[in-house]
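Just one chain follows, in the form predicted on its own, and it is written as structure tokens.
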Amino acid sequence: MSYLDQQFDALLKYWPDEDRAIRTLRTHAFDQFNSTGFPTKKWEEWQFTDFSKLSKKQFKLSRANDLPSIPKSIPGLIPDLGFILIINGHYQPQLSSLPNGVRVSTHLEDFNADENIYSWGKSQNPFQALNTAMMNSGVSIHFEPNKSIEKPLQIIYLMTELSEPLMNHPRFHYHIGDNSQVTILEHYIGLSSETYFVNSVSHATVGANASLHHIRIQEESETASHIASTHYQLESDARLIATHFSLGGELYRHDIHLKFNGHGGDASLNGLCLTENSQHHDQHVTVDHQRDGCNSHQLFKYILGDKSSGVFNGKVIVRENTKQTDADQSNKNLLLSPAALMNANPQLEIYSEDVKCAHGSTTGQIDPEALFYMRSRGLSQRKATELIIGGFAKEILEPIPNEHISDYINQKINHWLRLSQKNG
């Protein structure tokens, strides 16, 4: 019996009174995961990433006794935001502060309202099935319709003070009411030197004529494996601006899926990965245009140092008989070391004629002419390099609507650049 079988059995015993429908959902999902197992490099969509350490390491599901003392100062807490805190998989409602017009529900309530959002469906991603089977943390959040929620909501998922290898499978659902405007910061932080595994699934449904700004920050410990799936569903005339920023974790895989359920939607997906040492960051993005008059824009950047590696696989699908689709996709990568490696594969699948689509990918090193120009103006080699890299990175921050969130990410980028230049 594998450690996952043992932990799944322990989970069922830990919550013996769980609703039967949820229990059945878990069991079917775990059977589905067991039929495939963890992805291998023989799988086309997973060929550049090695997940073998997840099967070899013995991870334990977090339990109540894995909750440490609450720190006096919450790491990563950004001022003037609504706030939800989860420590080692344990939600802390007494420390959380929800903006007006926002409420939290249980997974059972959410499941009874719409069980489809808990289904892994036809997905070929076994981590989604594993999350459904073992979801042991996370919350469902509802934003009232016809409201502009002025204060952004920050969710801090903190892993700290671990005494043994733990795993958590958080599940977040965001229900954005019709005609509402919302900003969500989903923030993963790791402060433990112990190995751990986070397997997260987030699902956002953006109602008709609603607007969502979603920022996702991944700054796990260097010992962590962080696997994630983020799903966006946009109804008619809905708008999405999403920024995905990652610099932590030894292993990082993020699958992003965007589906236009209604006409007239508009979405911008942006991402920045900073990697060094032997980190590996892998992102797969799928944008599905299945309604008329929808626009999507993608810009994903990587900055790779040392012996780190990255993967970007972006796919835009334009369904048959759709009209007036406008989609563009751009991937730009900067290699700071000859040992760094990047694999990029932008793709278009177009089954309609009334479209405007473009895609492209570039990978290279720092432009020596730009570096020479800045040196000729009296800047040191280090400062000139830092400014060039910083300018390349900070384009991703421009769409972020809240200056406190933007400043926080900017500080993280600057700190990473200083350390990178010092070590280089």
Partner chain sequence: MLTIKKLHAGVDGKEILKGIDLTVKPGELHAIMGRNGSGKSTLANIITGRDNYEVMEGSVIYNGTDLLDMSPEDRALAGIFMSFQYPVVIPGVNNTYFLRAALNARLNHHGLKEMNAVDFMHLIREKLKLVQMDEKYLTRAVNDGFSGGEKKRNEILQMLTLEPTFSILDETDSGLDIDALKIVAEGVNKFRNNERSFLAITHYQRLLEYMEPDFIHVLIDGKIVKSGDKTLAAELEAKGYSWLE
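Residue numbers count along the first chain shown, from 1. This is a predicted model, so every value here is computed, not measured.
There is another form of the same protein, the form predicted together with the partner chain; it is not shown, and what comes next is about it.
Novice: Looking at the partner-bound form in the predicted bound form, is I70 within 4.5 Å of the partner chain by any heavy atom?
Specialist: Looking in the predicted bound form, residue contacts with the partner chain do not include I70, since no heavy atom lies within 4.5 Å.
Novice: If we define contact as a non-hydrogen atom of the residue within 4.5 angstroms of the partner, is A358 a contact of the partner chain in the predicted bound form?
Specialist: Because no heavy atom of A358 falls inside 4.5 Å of the partner chain in the predicted bound form, the answer is no.
Novice: Although the partner chain is absent from this view, report whether E44 comes within 4.5 Å of it in the predicted bound form, heavy atoms only.
Specialist: Answer no; every heavy atom of E44 is more than 4.5 Å from the partner chain in the predicted bound form.
Novice: Quick one: does S380 come within 4.5 Å of the partner chain in the predicted bound form, counting heavy atoms only?
Specialist: Answer yes; at least one heavy atom of S380 falls within 4.5 Å of the partner chain in the predicted bound form.
Novice: Exactly one stretch in 51 to 59, 23 to 31, 358 to 366, 388 to 396 has heavy atoms within 4.5 Å of the partner chain in the predicted bound form; which is it?
Specialist: Only one stretch passes the 4.5 Å heavy-atom test: 388 to 396.
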